[in-house]
Every structure is written in C-alpha cells, then in structure tokens.
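Presented as structure tokens, the chain that follows is alone, the form predicted alone.
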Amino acid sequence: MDFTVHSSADYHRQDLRTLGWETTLCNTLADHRSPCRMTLKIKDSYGNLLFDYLNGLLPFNLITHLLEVGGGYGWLMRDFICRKPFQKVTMIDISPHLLDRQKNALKDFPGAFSFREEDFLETPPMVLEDVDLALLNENIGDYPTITDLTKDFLISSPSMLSPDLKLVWEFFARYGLPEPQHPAFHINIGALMALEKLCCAHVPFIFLSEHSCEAAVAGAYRDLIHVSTSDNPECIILKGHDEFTIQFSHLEKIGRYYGYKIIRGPVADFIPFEMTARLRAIMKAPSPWRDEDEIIRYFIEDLYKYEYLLLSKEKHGPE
C-alpha cells in the first residue's frame, strides 16, 4: 500500500521564525485594534474569552498545575495567569524559537515555570503526573498525519503490517473507530497519540482546538456562514510545511473510552459575535468589497471551521 506520513517536526525545530504565515484565532484577536475584535460581543483577547468560558465549566480553584503544549507566542498562557496565578506552569514546544518567545512573554510573572523543548509525543509520562489542565490550542493539526490509506489493511493480521500501518490498525481496534467511507482516507495519528497520552496520564481536564474536517454551521446562520468540509482530514499548505484538519469524532472516541465527559462545539461557543447589519452585509456579499471585509469574513468562518473538545474527569475517579 502506498501511503505518506506527513510531519512538520523538522520545520518547527529548524526553520520556523514567525507565525505570521498562520492566521490563528489567538493571533488575530491579540491586537485590541483588530477589526475582528470589533465584531465580538465581548471585545477581548482569545485567552481571556477562553478563560471565561472554561471558568464556567471547570473548578479553577482546584487547578494548580497548568500545562500548555505548543503555546505559540505565549499570549494565551499570559492571559490565563493574569486572571489566575497558578502554582505551577509547564510549557512544552518543539520549536526553540517559539519557546524563547514564550519565556519572554511570561518572564515577569511569579510562579514555578518549566519550559521544555521537545516533541510532546516524546515527553516522559512523569512530566504529566500532576497536571490538572492541559491546553493544546490550534496546534494538533501540526502533528503527524498519515494519508492515502485504504481500508483493506484493517482486516489484515497486525503482525503482517508495517510499523505505521500496525499503529493505525491498533487505534482502530482499541477505540472502535468507524470504518472509513472514503476510498483513500487520512488519519491524524499524531493528534490521536497526543490525546491518548494525556488520557493515560489521567489528566483530569483537557482542552483541544483546531481546524476540523467535520465542522458545520447550525442554527440561524447556516445559510449565511459557509463552511466546506469533507469528513476526511484535509491538507492546509503553509510556508515550509503542511497541516491537516482534524477528525474530531476520532478524538471523541478516545476520550469516551477513558471515561471522560466531553463537550464539543465550534469555537464560536466561546467567541460570540454580533450579527450587525454591516457584518451581515459582509457575509452575504458575493465577494469582499475591501481587504478589511475579507479579513472579517475569513475570521467569522473560522469561528466555525475551528472546533474544540473539552474533556473532564475527576482526578481520582473510576478508570
């Protein structure tokens, strides 16, 4: 079987110097002058909006050790620790450049900070032992993805498979992943491995977000905001590397296997916007009238293209 393993590890280790090529939601809302902020009901940063949302769902008074994997410029973590000082903060990033940016963003805050330059899939399990909340925000699309698989190998004996195919076979068998419906399918194997790692470490609260291949717009805006997906991870070509959209139903299967309660939805759940007359006109226009309109339309669409999972389980509850 011909298949390809896509990895952005070398790019992030050696070549990455800026996230300017990647229009993440966190970066888009970082500047208080951003036109995208002006569309929001609460005109604030991504980190503050996410903190407010999680604060209504999680026992933040019991969360003392906060982990962020792939923390970008450190802005999300900076927002979180401005809102609540945590006793211990661990930042893990494969990129030495971004880890330096995170150190600089957080250098003036008190507390026990640990900065680890490593691939999270290689992080020793002992590092996760006392983590209360893990954040993987807008980065699991960077993790290894295997493309151009056909489902024939799923009925093979695993002993006859290559290491990569055996790994995929084991995930399908262990977690009861549904049989692929596409002639050639892709699997976000790195994202699945990352979540499995956190679940096996009994991290009680886990938040993940990324572009989804299963995104949809429901409710009143279904005919106004257009999101196109294929239910199969799709390649996003960026400078120096590729990313893939995420099949969130697979992540859900893993979380439920380990007994987590799950909340899943579009990022619009915690970044609510105001559908003003101007915004409605921008979304209905056949094409943007101005550059700013194009930025705003792309941003509003991304609020639905990005999905999130919040996994919750009592730390010492039943396994």
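Start at 1 and count along the sequence shown; that's the residue number. Note that the coordinates shown come from a computational prediction; the quantities given were computed from them, not determined experimentally.
What comes next is about the form predicted together with a small molecule, which does not appear here.
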State the residue from Glu214, Glu118, Asp130, Asp100 whose non-hydrogen atoms include one within 4.5 Å of the small molecule in the predicted bound form.
Glu118
Within 4.5 Å of the small molecule in the predicted bound form, heavy atom basis, the matching stretch of 131-139, 195-203, 104-112, 159-167 is 131-139
Would Cys26 count as a contact of the small molecule in the predicted bound form, using a 4.5 angstroms cut-off between non-hydrogen atoms?
yes
Give a yes/no on whether Tyr143 approaches the small molecule to within 4.5 Å in the predicted bound form, heavy atoms considered.
yes
My question is simply whether Leu208 lines the interface with the small molecule in the predicted bound form - judged by any non-hydrogen atom within 4.5 Å.
no
Please tell me whether any heavy atom belonging to Gly70 falls inside 4.5 Å of a heavy atom of the small molecule, as the geometry stands in the predicted bound form.
yes
